[in-house]
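Presented below, as structure tokens, is a lone chain in the form predicted alone.
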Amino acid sequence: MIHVRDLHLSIGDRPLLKGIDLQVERGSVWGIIGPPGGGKSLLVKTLCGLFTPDRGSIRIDGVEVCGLDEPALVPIRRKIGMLFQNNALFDFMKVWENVAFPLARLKPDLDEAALRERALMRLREVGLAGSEDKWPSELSGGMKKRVGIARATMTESPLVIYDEPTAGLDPVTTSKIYDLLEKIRQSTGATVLAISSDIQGLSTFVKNMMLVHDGQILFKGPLPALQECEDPLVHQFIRGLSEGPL
């Protein structure tokens, strides 16, 4: 589903992605971890075409993304559902309108009644029945995450990216969110990338893990192999040790 080769990206004179190589098989579920500012969010946004790399190759579902202009990127982006780190809900839209937004873009022939009905179905699936006419400002943090997840999965895209789906949530809500993500994944069969600072919670959902630091992938592989990685930085980070290279 994703094939990245020798990906480099700089902003100004600062190199941020430094030769990323990555292959993500269709239907696989990957967690992305690493210290803050290491390039995790930047990597997934570059995959979506939100940043233009200096050089390298990105193929999404067999199509080369690098070098495409905005109109040519539209069909690629339609294959991707994205939960942004801060949810990125439109404060001038009601909850159901936020959820229906990507579907309205994908299927402009659907009228408002049909869009609302589809949005309400998705909201019921994420446990937010009765919240459709609220404004985002009226929602708790956990509810906003659920709305963001509903929107990200509204079109049942073959690739879904979750950026910090449980940030700032309590342990019980975190567990419920990951249960919800797994339920949606099983129903759609989507390829999933999930960024999280909560390694323990993330490990209940993903099957594979990669650790990104300083614009490079220091580890990528099956979840059990992460504990056996001998890289000093990886060893320190996943165990939360105070002593080490970080």
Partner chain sequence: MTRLANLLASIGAFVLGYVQASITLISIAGRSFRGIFHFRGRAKGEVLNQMYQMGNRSLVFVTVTLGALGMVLVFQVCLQINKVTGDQSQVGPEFIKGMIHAFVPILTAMMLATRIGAGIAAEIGSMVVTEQVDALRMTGVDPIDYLIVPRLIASTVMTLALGLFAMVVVILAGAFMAHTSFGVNYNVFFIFDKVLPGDMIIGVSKLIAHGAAIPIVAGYCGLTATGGSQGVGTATTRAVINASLSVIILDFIISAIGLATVQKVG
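Positions refer to the first chain, counted from 1. Just so it is clear, the model here is predicted, and its values are computed rather than measured.
Absent from the display: the form predicted in complex with its partner chain. The rest refers to it.
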**Joint contact, Glu117, Val160 and Glu182 to its partner chain in the model of the complex, by non-hydrogen atom at 4.5 Å** = no
**Asked** Pick from 200 to 208, 216 to 224, 173 to 181, 46 to 54: which stretch has non-hydrogen atoms within 4.5 Å of its partner chain in the model of the complex?
**Response** 46 to 54
**Message:** By the heavy atom within 4.5 Å rule, which residue out of Met93, Leu110, Ala72, Ala167 makes contact with its partner chain in the model of the complex?
**Reply:** Met93
**Prompt:** Heavy atom within 4.5 Å of its partner chain in the model of the complex: which of Met154, Leu139, Ile80, Leu123?
**Reply:** Ile80
**Asked** Would Arg105 count as touching its partner chain in the model of the complex under a 4.5 Å heavy atom rule?
**Response** yes
**Prompt:** Heavy atom to heavy atom, is Leu89 within 4.5 Å of its partner chain in the model of the complex?
**Reply:** yes
**Asked** Might Trp135 be said to contact its partner chain in the model of the complex, defining contact as any heavy atom within 4.5 Å?
**Response** no
